[in-house]
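Taking the form predicted on its own, here's one chain by itself in C-alpha cells.
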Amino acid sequence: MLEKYTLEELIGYLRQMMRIRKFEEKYMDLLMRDIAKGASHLYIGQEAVAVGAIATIRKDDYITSTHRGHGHCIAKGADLKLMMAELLGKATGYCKGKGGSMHVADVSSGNLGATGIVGSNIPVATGAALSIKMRGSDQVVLCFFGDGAANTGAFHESLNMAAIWKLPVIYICENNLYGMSVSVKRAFPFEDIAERAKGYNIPGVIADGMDVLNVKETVEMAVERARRGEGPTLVECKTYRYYGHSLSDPRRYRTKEEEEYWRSKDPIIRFSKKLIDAGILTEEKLKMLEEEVVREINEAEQFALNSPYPSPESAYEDVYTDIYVDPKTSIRDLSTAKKMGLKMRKINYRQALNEALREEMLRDERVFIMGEDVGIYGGAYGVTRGLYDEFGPERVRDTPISEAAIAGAAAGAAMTGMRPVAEIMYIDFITLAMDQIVNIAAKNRYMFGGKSIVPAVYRTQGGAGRGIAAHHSGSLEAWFIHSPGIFVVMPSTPFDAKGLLKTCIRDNNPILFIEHKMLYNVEGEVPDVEYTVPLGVADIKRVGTDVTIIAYSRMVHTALEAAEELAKEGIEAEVIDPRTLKPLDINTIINSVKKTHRAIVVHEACKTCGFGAEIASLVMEEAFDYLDAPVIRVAGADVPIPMSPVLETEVIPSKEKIIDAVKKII
C-alpha cells in the first residue's frame, strides 16, 4: 500500500495529523487555564478522517465543517496562527473573533465554514455542489458531519436532492459512536450508517477512520466518481473521539475499557509505526518532526496571545454588505417615473414579478430559480409561468418537497458564485427552513468576519383572504425582521414588485421577498424601460396633512381606501408604504409624523410583537415631541387565521377599522 505514495506525501499525512493533535492539545490547555473561552469540541482521535479525506481534493475544491471542525480547517490548509487567534477571540483571527471555535471558516481556501447546529452544513454543501454543476466546473465538495447528523431531516433532504441531480458532493459521516452521549446503538436501527445510502440509490461505503490511508483511498474513489459526473457518495468513517463531547462532559456513558480499546488504534501512533517499520521514518526523524510541529504550535499560541482583541465598535461591522444601487436604472417611485416622462404600461403584480425574474435571468447567467412546482407548473400562483420553457430545467429547477434543502442549497450556491432565487410556496412552510435561512444564510457573513457573501433571494407569499386557513395564510415577517443579517421586502404594487425584485437579485445580502396572495391580480403601471427600485426607501403613496398611516403589502391598498373615505369628511391622511421593512426608511416616516402629528400603523400580522410595535416605538423615540396623540396599531388579531370568510374578515384589518382608529386620535 505504501508504494503508491511518495515520501513527501506519507510524511505530509503524518505531519498534518500531528499538527491537528498538537493544536487541539494546546487549545485544551488554554481552555483548562481559562485563557481560551467558549466551546471545546476537540477533534483528538479523529485526525485520520480529516487528513485522509482532504488529501484527495484540490485547493479549489470545497469543504463544509461542523462544531468539531478544527481538524477539517487545518487539513484544508489553515494558517495555525490565524486559527488559534480566532479561537481566542482575537481581531487577527480568521473571522475577526466573531466565529470562534464552532464557526471557523477560511473561505479563501474553500472552507465554507463550520456550523454549531448539527446537520445544518449538509444542505449548504449540497448547494455548493449544485453551484459547481451549474457552472460546469469539475470541482467537488466534501461535507463532514457526525453520526448524530445522519438522523436529521437536513441529511435526508440533502442526500435525496444530491442523488436526483447527481451532484458532485461526498458526504463524510464521522461515526465516533456517540451523538453527544447517545450511542449509535440506540439512535440507529442498524450497525452501519452507510446503509442509509440505499434509500437514495447512491453508493454507501465504510472506511477505517483510524487509518489515514484507508480513509484517503475510500474517499478518493468517491471523489473520482463525483468528478466524472456520477453523483454523490456517502462515506462512513468509523472513528472515536478521545475526550467528551466537550470539556464539561464527564463521559459516564462509556467505559474505560472502550476508551482504551480505541486509543490502542490511535491513528498517529499506528501510522508512525507503519512508516518506521517500512524504513521510511526513523525514531530520530519522528522526534524531529514532533519538535517541528510543537514549535509551530507554540508560535501560533504566542501570535494569538499577543494579538489584540477586536475593538468594541467592530461588533457592528460585517452584518450586511453594501446595499445595491444602480444609478443608471434606479427610480425611487412611480410618481418619479411619471415625472421623468417615461412611457408606461399596465400589468398585474404577477406579471411584474415574472418580468423581473426573466430580465434578471437574461442579464446574469448566474441567476436561477429553484423551488417546489416552479418549473413545468409555473409556480403555485403562476409567477414563474413560461420561464421553464425559455430557460430550461437547469435554471428553473423543480425540487422535491424539501424546504430545508431548498433554503440551505440556495445559501450554499450563493456562497460559491451563483445567485439563486429560491421559492418557498407559502410563508407558513418557511418554518421548515428557518435554520437554513436564519442561522446559515443570515449569519454566515457576520460569523465569518465579513469574508463571505450570500446573495440569495427567498421568494414566498403569505397573508389571508382566500379562506385557506391557518397553515396557508400566515404573516410571519416579524420573525425575520428580528433576525440580523437578512433583509425583508414586502412590495404592494406592480411597480414596486418588479423594481424591488430586480434589485434584490442583484444585491449581495440574503433577502426574504414576501408577496401577498391577494395582490397577484392587482394591476398597476410600470415603465417600458429597464428600472430598479432602491432598497431602504419608503414611498409616500398618498400625501396628507392630518394623520400618517404607515402600511405595507396588501394593507397599503386598504389604507388608501380608508384615506379616500376620510377625505370625504375633511381628514387628509398621508399613506406611507415602507416597501422594505429591513432596511427601514424611518426618516420618511418620522418626517411625515412631524408634519401630521399623528400616526397609525397597519399590518395584517398578529398585533402582539408585530412589526407595527417596532415602528410605533421608533416614532415615539424620534418624534415624541411632535405627537398630539398616541400611536395606534391596527393589526391582525392574536389568533391563527380561520377558514370561514366571516371569521377571516373579522381577524384582519379593514378599511372600517382604520377609519375608526384615525377618528380616535383626530
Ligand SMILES: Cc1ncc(C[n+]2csc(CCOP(=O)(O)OP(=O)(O)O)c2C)c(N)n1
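Note that the structure is predicted; figures quoted are calculated from it, not measured. One rule holds for the numbers: they count along the sequence shown, beginning at 1.
The same protein has a further form, the form predicted in complex with the named molecule, not shown here; the description that follows concerns it.
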Discussion item. Can you tell me whether H70 touches the named molecule? I mean in the predicted complex, with a 4.5 angstroms heavy atom cut-off.
Written reply: no
Item to complete: Report yes if any heavy atom of A226 sits within 4.5 Å of a heavy atom of the named molecule in the predicted complex; otherwise report no.
Response: no
Discussion item. Is Y178 part of the interface with the named molecule in the predicted complex - any heavy atom within 4.5 Å?
Written reply: yes
Item to complete: With heavy atoms only and a cut-off of 4.5 Å, decide whether M210 touches the named molecule in the predicted complex.
Response: no
Item to complete: Would you point out which of 390-398, 292-300, 452-460, 111-119 contains residues with a non-hydrogen atom within 4.5 Å of the named molecule in the predicted complex?
Response: 111-119
Worksheet entry | P491, G146, G499, G371 - the one with a heavy atom within 4.5 Å of the named molecule in the predicted complex | G146
Item to complete: Tell me, out of H472, K81, K96, H245, which residue has a non-hydrogen atom within 4.5 angstroms of the named molecule in the predicted complex.
Response: H245
